[in-house]
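Structure 1 and structure 2 below are two forms of the same protein chain, each written out on its own as structure tokens.
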Structure 1
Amino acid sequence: MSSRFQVMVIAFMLAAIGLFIVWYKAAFLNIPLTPHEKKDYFTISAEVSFTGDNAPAEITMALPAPQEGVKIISQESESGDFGFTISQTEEGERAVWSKRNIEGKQKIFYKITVSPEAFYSYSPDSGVNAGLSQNYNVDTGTIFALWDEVERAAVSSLIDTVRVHSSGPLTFAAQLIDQLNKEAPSDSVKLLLNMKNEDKISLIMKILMHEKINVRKVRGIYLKDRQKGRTLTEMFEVQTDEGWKLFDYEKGHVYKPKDLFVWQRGNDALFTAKGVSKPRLRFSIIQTQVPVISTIQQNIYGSSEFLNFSLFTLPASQQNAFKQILLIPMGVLIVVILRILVGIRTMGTFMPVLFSLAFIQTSLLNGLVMFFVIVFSGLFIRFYLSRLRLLLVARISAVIIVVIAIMSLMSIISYKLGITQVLSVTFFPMIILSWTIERMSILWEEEGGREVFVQGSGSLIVAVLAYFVMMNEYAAYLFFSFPELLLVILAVIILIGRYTGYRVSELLRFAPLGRS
């Protein structure tokens, strides 16, 4: 296998791995590809209002359980001086507010913030939901006990009709709803629908229970902005061999609507109030948009093993350090491109990247001005030092100290003048600056001012270009969120490393040969 072929394979593999991880994180972990992407948060507040009766009061309310497709971000109770506890029941958690003595109008809020996420899933906690399926050993004889003969006859006839047309719990429930919603209902259905003490919902539930079909109520709310004073939408679920199936009382069998947030599953009351009068429960929803990146940083993605291993898990100060460090490969790539493909000559291979890092701290224009001031005054002093006949290491050390002195002087003078930007001069790497000054002056003596100009301006061009690439908000964001892009850069650099064609500058250099 030729080394060229190996290079191709390695580069291809690195790029493929890098891009695959990026794709995976973007598609399944919902890490956005741009820094400004926002996601919707819905804050649902349940408002319980009641009037106190100067008696001990206890209010309970069912609380939502984790569910697929919608993630619960936070929940909290705003209940003033009420005692607040969460109790576990077989159907899930319930909030319990209690107080010894209350009077007058009172309000309790329970706020829950959720975010719809298509790929969010959770493994159901067996303890919470398991109880539901076992709890329906209903005494079928007592279900219709309060009805009169005619009504019972009507319901039997309806059940018979539905039974004939159905094959199991799913089709039975579907047929039943169908029968009840017919435009031209049968006489027995008419009679049942006109009953005073039974609405359609309880009718359906009772019939299904009578048929020993496991059924449970589902109460949910549609996630839409600016909803006020809403009640929950009621549906029900029927247990089949393939799990629970959701039904709408009007439309029959439905799949779970995308923006439905299920508040409660089960047949317990949504809320109960003891010792108070005029209890009322209303819901409102407010939609907000949150930058996705902040949600990642809050580490609420803890559920993903993959992100547990990402830079987001580092402490904030280290995160900031890595935001800087991860920019360097971009600068290095620029150097590789400009040197190998374009053929710009620079002073030192990676010095331009260090200067662009300094420019990022000082801002470009300030940085350039300060760079020129320091380098020129440094060069001037270096030329004088060369007359003192010092050893090389001592001379560079002297230049370092001179550079530091120039920096301090610049800072003090500019601060007195009120130009505070110059204070950022400290971000320049002093030793690199001193080396640059030393190299420039040697180059000047050896090859003349022209070469100093060529290499100096080459270095600055590379530094400025690297600065613009590294300052790019999208690049910075991408590399921090998807550090596996480093593999892609590595692949590109490896490929460029085997480029044997002409550099752009060589087209100029060898131009006399092209003519003939």
Structure 2
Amino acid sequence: MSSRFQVMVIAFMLAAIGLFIVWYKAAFLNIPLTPHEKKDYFTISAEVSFTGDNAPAEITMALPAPQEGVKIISQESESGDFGFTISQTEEGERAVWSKRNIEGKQKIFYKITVSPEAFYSYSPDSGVNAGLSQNYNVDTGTIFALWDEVERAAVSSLIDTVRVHSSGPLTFAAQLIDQLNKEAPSDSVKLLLNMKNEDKISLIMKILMHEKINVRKVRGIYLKDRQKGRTLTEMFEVQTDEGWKLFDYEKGHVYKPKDLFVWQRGNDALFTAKGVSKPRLRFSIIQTQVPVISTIQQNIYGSSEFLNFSLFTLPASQQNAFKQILLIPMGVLIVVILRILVGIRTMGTFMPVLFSLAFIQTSLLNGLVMFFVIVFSGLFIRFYLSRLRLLLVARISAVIIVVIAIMSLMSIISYKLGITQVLSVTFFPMIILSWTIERMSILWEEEGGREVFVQGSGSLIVAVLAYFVMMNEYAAYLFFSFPELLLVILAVIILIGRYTGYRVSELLRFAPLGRS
């Protein structure tokens, strides 16, 4: 296997692994690809109002359980001086408010904040949801006990018709709803729909239970902004061999709408009130938008094992440090492209990247001005030191001290003059500046001032380009949120490292020969 082929394979594997992880985190962990992306939060407020009867009061309300596609962010009760507990039942949790003696009009609230997330899933708690799949033992003989003979005959006729056209619980429920919603219903259906003590919903539930079909009510609310004084939308589910299937009382079998938040599953009452009068339950919804990245940082623990092993779990100070460190590979890539493909010569290989980091701290214009002042001052001192014929280490040490002295002097003078921007000169890497001055001086002596100008300007061009890339808000965000992109940069650098063709500068240099 040739080295060229190995390079291609390694680069491809690195890029593929990096991009795959980025795709996984974006698609399944909901990490946004842009820093300003926001997600919708819906705050559902359940308001229970009632009038106290100067007696002990107890109000209970079913609480929503975790569900697919909608993540519960937070829940809280605003109940004043009422006692508040959460009780566990076979069908899930219930909020319980109680007070020894109340009078007058009262209101208590329960707020829950949810976020629709298409790929959100949860592991059902066996203790909470076991009751949802159990068979409901119903005494079918008592279901129609209060009806008269004519009504029982009508429902028997309806059941016979539905049985003929159905093959199981799913189709039976669908046919039953279809029969009850026909524009021209049969006489038996007309009779049943006109009963005083039964509505369509209770009629459907009773017939299904009479046929020993496991059925449970579903109450939910659509997640839409600015809803006030709403009641829950009622549906029901039928248990089939393929699981629970959702039905709308008007439309028949339906799939769960994406914007429907299920508040309760089961046949228990949505809320109960003892010791009070005129109880009433209403819901309101407010939609807000929050930055996605902040929600990830706040809920990082427990959201995903993958995210628990990411930079988001580090302390804030360490995260800020890595935000700076992860900028360096982008600067390195700029250096590789401009040196190998374009042919720009620089002072030192990665010295421009260090200058770019300094420019980020000082701002570009201030950094360039301070760079020229320090380098030209240092060169002047360095030329004088060369006449003293010092050894290399002593000469470099002297230049370092001179650079520090220049930086100190600049800081003091600028502070006295009120030019505070110059105080950021301390962010310049003084050792690198000293080596830059030494290298420029040697280059001047060996190859002349033109080469110093070429390499010096080349270094600044690379540093400025790297500065703009590293200052790019989107690039900085992507590399911190998706550090796997480093594998992609590594793959690109490995591929460029095998390039042996002409550089752009060489093509421009020999262009006249081609034309002749």
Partner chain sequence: MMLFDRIKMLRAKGVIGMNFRNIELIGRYNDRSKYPLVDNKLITKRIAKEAGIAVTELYGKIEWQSQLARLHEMLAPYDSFVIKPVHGSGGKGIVVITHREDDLFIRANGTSMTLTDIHTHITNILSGLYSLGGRYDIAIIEKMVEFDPVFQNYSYEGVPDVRLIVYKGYPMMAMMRCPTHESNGKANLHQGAVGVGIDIATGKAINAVQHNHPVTVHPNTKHDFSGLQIPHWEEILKIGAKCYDMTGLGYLGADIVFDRNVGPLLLELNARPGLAIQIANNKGEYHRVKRIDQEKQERNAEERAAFCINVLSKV
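The term rigid core refers to the most C-alpha atoms you can superpose between the two forms while keeping them within 1.5 Å. Just so it is clear, the structure is predicted and the values come from calculations on it, not from any experiment. Structure 1's sequence is the ruler for residue numbers, which start at 1.
Working note: structure 2 is the copy from the form predicted on its own; the remaining copy is not.
With the core held fixed between structures 1 and 2, Val454 has its Cα displaced by at least 2 Å.
Gly378 shows a C-alpha shift of 2 Å or greater between structures 1 and 2 [criterion: core-superposed Cα displacement of 2 Å]. For Ser411, a C-alpha deviation of 2 angstroms or more is recorded between structures 1 and 2 after rigid-core alignment.
With both forms fitted on their core, the C-alpha atom of Ser505 sits 2.7 Å from where it sits in the other form; this compares the forms between structures 1 and 2. Taking the core as the fixed frame between structures 1 and 2, we note the C-alpha of Arg395 moving 4.4 angstrom.
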